[in-house]
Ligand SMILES: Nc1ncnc2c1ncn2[C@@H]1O[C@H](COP(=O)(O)OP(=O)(O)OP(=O)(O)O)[C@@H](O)[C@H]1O
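Quick heads-up: it's one chain on its own, the form predicted alone, in structure tokens.
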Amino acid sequence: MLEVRELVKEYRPVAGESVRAVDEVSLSVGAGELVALYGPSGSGKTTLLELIAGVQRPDQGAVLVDGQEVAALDQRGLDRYRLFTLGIVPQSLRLVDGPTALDLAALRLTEQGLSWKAAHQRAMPLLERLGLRARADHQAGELSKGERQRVAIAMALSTQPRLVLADEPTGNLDTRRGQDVLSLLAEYSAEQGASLLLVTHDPQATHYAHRTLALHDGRLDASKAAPADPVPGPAS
């Protein structure tokens, strides 16, 4: 489903040496597979996700999704790719204050052409699974940071994407809520046959992932594929 081939993204400051945020990275994520990607801050994880999402274009290499090279898509193709194929859970999400949690969870479905009623009906079970039923009618400004993070996850999964990119989806959650989210992502990947790339610092993720990878200074490091001291958690 997802194939990354020798991907390079280099930043060239006005003064000083250029920096390779992503340095000849190759990886693949199959249908129904959850891959966890670890690495310290500044290791290139978010840049890699942005390259896969088509937000940035690589200097070298290729990102292929179902055999289609993302960088070759025009703007209309990119828009369709992000709406119909891709689900993105951002590390931080600025939500407009007026809409309710349910409105936000249903938004991408309305962009696909569903009525608000049908979109709400499809989105509500996701909010329930994420422990947000009682908060569904609350505006975004009334939600905690962790609740907003869970709304973002509902938004990403609402359209049943075949590829999910999750950037620190448990970063604002306590241990129990983090386990709930990881369990939901793992179940979604298995049930929908979706490819899921999870960028995380959370050691719990090792118990839900089929494989773990590590990124250091823009390069994959096979010798450091998981945190040194993972906490106990349920197996995938």
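Counting begins at 1, following the sequence as shown. If you're wondering where the values come from, they're calculated on a predicted model, not measured in any experiment.
Although it is not shown, the form predicted in complex with the ligand is what the next lines describe.
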*Work out which of 172, 46, 183, 204 lies within 4.5 Å of the ligand in the predicted complex, going by heavy atoms.*
46
*Mark residue 42 yes when one of its heavy atoms lies within 4.5 Å of a heavy atom of the ligand in the predicted complex, and no otherwise.*
yes
*Wondering, does residue 213 line up within 4.5 Å of the ligand in the predicted complex on heavy atoms?*
no
*Using heavy atoms and a 4.5 Å limit, would one call residue 33 a contact residue for the ligand in the predicted complex?*
no
*Exercise: residue 220 in contact with the ligand in the predicted complex, heavy atom 4.5 Å*: no
_Check all three, 100, 137 and 157, heavy atom within 4.5 Å of the ligand in the predicted complex_ = no
*Among 175-183, 189-197, 33-41, 64-72, which stretch has residues whose heavy atoms lie within 4.5 Å of the ligand in the predicted complex?*
33-41
_Contacts with the ligand in the predicted complex, stretch 138-177 (heavy atom within 4.5 Å)_ = 168
